[in-house]
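Shown next as structure tokens: one chain only, the form predicted alone.
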């Protein structure tokens, strides 16, 4: 049924031995190399007891590979544990005057709005929400809400709810007209579509690993353009945010170069092992190849779901859509649980079931899952 060749070997993904994984918008199936990397950390504890030199090397390896993925310099990347940590660090480092505001889209992941509103409670910084129409935001929505008072504009690259993909360069151009910084949550896009932060005009970007980057939870990368980060003083820092953490200097603060000053305490070592291997795998397959393959699966998912009479909540235009396809389901959580018991791993959000394939999936996987979904409905 597939019209293009599967770009990877399914045998490299042990989870596929007993599950059909269609949940990359939440957790993808890790390749064997990621599992091996986690074993490598485990055996470093068993065999060596402590290997700080090698552990820090793995962290730096993960940082370098993420920088390669989004086309920036390694010193422009900090390592934290979650998008919430990353966004909180950014917001708390900005100096707001009494006329400044933050713009957040109504399709952002909840933590972005929650942190912005928390900042409003503490510093009285207004939060403007950019509205959506059926979970799609148009150019005029940005033009009407971003003003000369907008210090920070926050957008998701791809919506967690229905896979709506945004034109980041267009949004950046509008933000730049008003001297607003652009913060991008790329958790749902990194690994599935190409990202070039310089060409797209992105000031700040964050992404974690367990979704389309094939890693595990607990590690997140924060990019800040070095021309911006070097003007910021982190409100939350730690010994790995210093230029020489192993100097153990209690009585001075010497921030690390560029965005690495946003590092905090001991980094998530085990997660970095997995992240380095996952990023290496993604870079080896090639994000352009991944995007091309997923575009075909995305179109197939929409067409097949509609042929079964299902109502699709995602955009139909492939230029406005990532890999995730959302299907309206009234009792989505119950259906997700029922499907998982039968070996189909999908992801529910409110009133939709999200079908989110990756490069190890086939059209047959999607067809089988949708057929069973139809029966359950």
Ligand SMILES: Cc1ncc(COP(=O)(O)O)c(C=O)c1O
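Residue numbers count along the first chain shown, from 1. Just so we're clear, the structure is a prediction, and the values are computed from it rather than from any experiment.
This protein has a second form, the form predicted together with the named molecule, left out of what is shown; the following refers to that one.
Going by heavy atom distances of 4.5 angstroms or less, which of 259, 271, 153, 188 would be at the interface with the named molecule in the model of the complex?
Exactly one residue meets the criterion: 188.
If the cut-off is 4.5 angstroms on heavy atoms, which of these, 111, 174, 228, 283, is the one near the named molecule in the model of the complex?
In short, 111.
Quick one: which of 283-291, 78-86, 303-311, 97-105 gets within 4.5 Å of the named molecule in the model of the complex, going by heavy atoms?
Flagged stretch: 78-86.
Mark residue 160 yes when one of its heavy atoms lies within 4.5 Å of a heavy atom of the named molecule in the model of the complex, and no otherwise.
Contact with the named molecule, yes.
Could you pull out the residues of 191-213 that have any heavy atom within 4.5 Å of the named molecule in the model of the complex?
Residue within 4.5 Å: 211 only.
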